[in-house]
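Shown next as C-alpha cells: one chain only, the form predicted on its own.
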Amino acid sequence: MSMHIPAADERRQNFINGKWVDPTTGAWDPCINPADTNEVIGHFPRSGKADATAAIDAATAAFPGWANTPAPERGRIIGRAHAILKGKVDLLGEALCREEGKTFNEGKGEIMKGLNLLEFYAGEGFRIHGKTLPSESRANLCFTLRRPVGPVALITPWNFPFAIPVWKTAPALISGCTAVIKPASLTPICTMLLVQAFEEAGLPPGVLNFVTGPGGAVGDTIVDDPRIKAISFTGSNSIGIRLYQRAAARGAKVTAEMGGKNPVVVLDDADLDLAVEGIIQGAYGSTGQRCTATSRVVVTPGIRAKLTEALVERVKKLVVGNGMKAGVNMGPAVDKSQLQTDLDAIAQAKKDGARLLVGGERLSGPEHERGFFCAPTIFDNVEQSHLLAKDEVFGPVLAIQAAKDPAHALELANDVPFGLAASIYTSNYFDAIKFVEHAEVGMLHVNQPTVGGEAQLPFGGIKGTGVGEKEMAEEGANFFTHLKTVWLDYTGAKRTSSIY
C-alpha cells in the first residue's frame, strides 16, 4: 500500500496478521479536518469485537517467533522504519495538521520527535540488559535478565497522533512483544502511516496489528482479553481509571498517562521576556491540547502586573486559523466536543468570579466559520476554589493566580489532583532547587516551558496523572518486559578443565 494522505472518498483498512483487511462490520467513519469541517481525509474502519479478536489472534501467534528474534535484529527493523519515515517528514506533518489541527510547523516538530524516538529504540536492541550481582553463597553466579511479557495493547490519544504511537510501539517491539494498536478514532492517519513504514521495513506478519474503531467495541475487547499481558494507555482520567480497573481485575500490567493541570511559577526576580515566551508556548502551542500544557501561572506580587500585561499583549498578536496557512500560530480544537469543553470552562470561570482579560469566545468569520476555533484566553484573579484552578480544560485557557511569596507559590502549585509537569522562572537557584525538590510532579523545568520531552529521558507524572511506569527512555522499554532473577550454582558442574 502506497504511503499517502487518503483522498476524501478513500476507504482505508485495518492491518491484521500482515494484511490490510476490511472491517467485519462493513462500516467506516470519515476523518474530518477540524480547521475545515468540509474536508474529509479518507474513511477509516468502525471495527467491532471480531476485528479486535482477530488482531489479538495474530499477535498471539506471532509472539514466540518475535520474542526469540535477537534484539539487535529487532532494532534493525525499527531502524529501517526510521529511515523510511525520515524521507516523509513533510507528508507526515501535513497529515498531522489536517487530521488533528496543529500548525504545519508544530506537526513537523512532532514528527521529528517521533523520529528521534525511533532512532533511540533502534539502538536499544543492543542495550537490553540485566545486572550481575554478588551472592551470599559460594560458587554462585547471580544475575537478572529481561524477557518480553507477551502480546500487548497500545491505546493512543488524538492530541499527538504520531509521537505517542511511536513511543508506545517502538519500545514494545524492541522488547520482543507483539502488539495491537488502537489509535483515537479522530486521528488514525499518522498511526496508519507508521504501520505502513513498519510493514515496508520487513516487520513479520502479526507482530504489529492496527485496528480503528470505538473504545467500547475495540478497546474493551483488547483490554479484557487474557492473552493481552500489558496495556499502555494515554488519554483522559475517566477512561484511564476505568481501563486500569478492568485490567487489574485480571492481573494485567498497565501504564496509564492521563491528565495534567500544570503550573508555571514566576518569581519576582524572573527574566520577564523569557517567562512570557515560555508561558505562551506552553499555554497555546498545540491549542493547549497537551497533557503537559501550561494551564496556570502562579506569580508573586513584584512581577505580577508586568507579567500580566505582557501576556495579554502577546496573546492579542496570536494568529488563529488553519494550520496549513503560513503565519498561523494556533489551530482549532480537535472537534466540536472539545470546543464545547473549552467554552464551558470559560463560562464557569466567569460564573466563579475570575476576571476575563482577553479571548473567551468561539471565533467566527470567513477564516473560522468552518472550524472549531476558540480564542486564546486569559483569566486573572483565579482563586484556588475556582474550577479553573484545578480542573483540566485541555484547551487554550490560561489561569493567573496570585501568590504571596515563593512558599505560597509552591503551595498553590501542588494543590491540584494532578502531578505531571511544572516550571519555575527565577534567577535564584536556591528557590529553583527548593521548588524542584518539593513540587509534586513527575517532570520539572527551570526557566523553560512546561512542555517538551526527549527520547532518552523518562516521561510521566504522579498523583492523579499517571499509574504504572514512566514512558520513553529505558523505562519505556522496561514496562514491556518482566525481570528474571537467576542463581547459577556451579559447584556441581562437570569439570572439563584442570584449572578448577
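Here the structure is a predicted model, which means the values were calculated and not measured. Start at 1 with the first residue shown and count on from there.
What comes next is about the form predicted in complex with a small molecule, which does not appear here.
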{"property": "Segment that reaches the small molecule in the predicted bound form - one of 90 to 98, 323 to 331, 68 to 76, 177 to 185, heavy atoms within 4.5 Å", "result": "177 to 185"}
{"property": "Pro263, Ser286 and Gln448 each touching the small molecule in the predicted bound form (heavy atom, 4.5 Å)", "result": "no"}
{"property": "Heavy atom of Ser47 within 4.5 Å of the small molecule in the predicted bound form", "result": "no"}
{"property": "Asp352, heavy atom within 4.5 angstroms of the small molecule in the predicted bound form", "result": "no"}
{"property": "Contact test in the predicted bound form: Phe459 vs the small molecule, heavy atoms, 4.5 Å", "result": "yes"}
{"property": "In the predicted bound form, Gly213 touching the small molecule (heavy atom, 4.5 Å)", "result": "yes"}
{"property": "The small molecule: the contacting residue among Gly259, Pro406, Gly150, Gly371 in the predicted bound form [heavy atom, 4.5 Å]", "result": "Gly259"}
{"property": "Ala172, Leu420, Ile279, Val298 - the one with a heavy atom within 4.5 Å of the small molecule in the predicted bound form", "result": "Leu420"}
